[in-house]
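Next up: just one chain, as structure tokens, the form predicted on its own.
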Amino acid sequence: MARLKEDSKHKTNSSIVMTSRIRLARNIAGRRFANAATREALEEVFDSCAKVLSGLRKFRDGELYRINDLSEFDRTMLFEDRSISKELLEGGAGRGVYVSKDGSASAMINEEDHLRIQVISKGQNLPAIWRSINALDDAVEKSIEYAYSPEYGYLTACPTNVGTGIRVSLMMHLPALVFSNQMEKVIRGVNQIGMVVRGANGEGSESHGAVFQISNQQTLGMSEDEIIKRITKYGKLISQFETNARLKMLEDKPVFLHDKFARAAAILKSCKLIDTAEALTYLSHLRLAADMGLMDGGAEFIGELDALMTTVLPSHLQLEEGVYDASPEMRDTLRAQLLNERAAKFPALKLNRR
């Protein structure tokens, strides 16, 4: 990952890549894809996949959820944890997810494909994730025959996933590129090389708090190793763009940057109502300040902010406060109270007057 040059003004940067994820799309040979299957067939696939997953070490002591048996609150919790997709959030018979005890791995059953296995890790950790998910995939394949073509590779419900069936993604914090109006240029450039930039929750989602998901579009005609190396390469390049934008803003527009940080700290300490998007925006500003060495606490404080960016999400907030049927207006009040309390304990900003 690219790093800020160390000098008396700021510390080394290390947190532009927040998390890494690899997802594999797989289907059972001889079975209709989920979107064309009967309810009975979906239930059979669900039972078969659940039985195999329950025997894997990674999912031992994990939880199996049938989506239609869950409350809206519980579904949203899984979605906010990135264990399920927006499509699975909406439910349906014979659909569900197996989540490992530590939450780092999940396997969606009958979402778009019969199985969508994913592993997530903090930071830029794609090689280790690939070893983990490849072992999981091999273990499943010992019991389930995958739909596979010698010519095309793994067969999937959506043609864009045919081949390796792999989606490799980096969750990146890119506030300086947003501030300097360079994200559109980055997105266009990424699209031209067979990659895509989306919001934090994938396709169709918005980016709140300057958090973007960078992933591959091409799955056919490239090996898994080639795709991983490609995402790693361009993830580093985008990190360098973000680093350069931070340095340039600190040099050319220090008052603008410091004003963003000071306003964020003041609002989080004193707001009375705040929605999710606004809370994520101000937490993002302070994360940038911490990452640039303009707040004490270093990596530990950045970790605290990352956790808080999850806690302020609707279902996590209600769980934190012990209120499970709060209206949007009540959530905005509870969120403000939580942030007031946490922000009062944040380390002070280190802003030099110019």
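The numbering used is simple: start at 1 and walk along the sequence shown. It should be emphasised that the depicted structure is a prediction, and the values quoted were computed from it without experimental measurement.
Not pictured, yet referred to below: the form predicted in complex with a further copy of the same chain.
Peer 1: Counting only non-hydrogen atoms, choose the one of 151 to 159, 212 to 220, 250 to 258, 113 to 121 that falls within 4.5 Å of a further copy of the same chain in the predicted complex.
Peer 2: Careful reading of the contacts points to 250 to 258.
Peer 1: Is the gap between I274 and a further copy of the same chain in the predicted complex 4.5 Å or less for some heavy atom pair?
Peer 2: Although a further copy of the same chain is absent here, I274 would touch it in the predicted complex, with heavy atoms inside 4.5 Å.
Peer 1: Can you work out whether I267 and a further copy of the same chain are in contact in the predicted complex, taking contact to mean some heavy atom pair no more than 4.5 Å apart?
Peer 2: Flag for I267 set to yes.
Peer 1: I'd like to know if A262 sits close to a further copy of the same chain in the predicted complex, meaning any non-hydrogen atom pair within 4.5 angstroms.
Peer 2: Contact with a further copy of the same chain, yes.
Peer 1: Is there a heavy atom of S15 no more than 4.5 Å from a heavy atom of a further copy of the same chain in the predicted complex?
Peer 2: It does not: once a further copy of the same chain is placed as it appears in the predicted complex, S15 has no heavy atom within 4.5 Å of it.
Peer 1: Tell me, out of D137, E80, E224, E278, which residue has a non-hydrogen atom within 4.5 angstroms of a further copy of the same chain in the predicted complex.
Peer 2: The residue in contact is E278.
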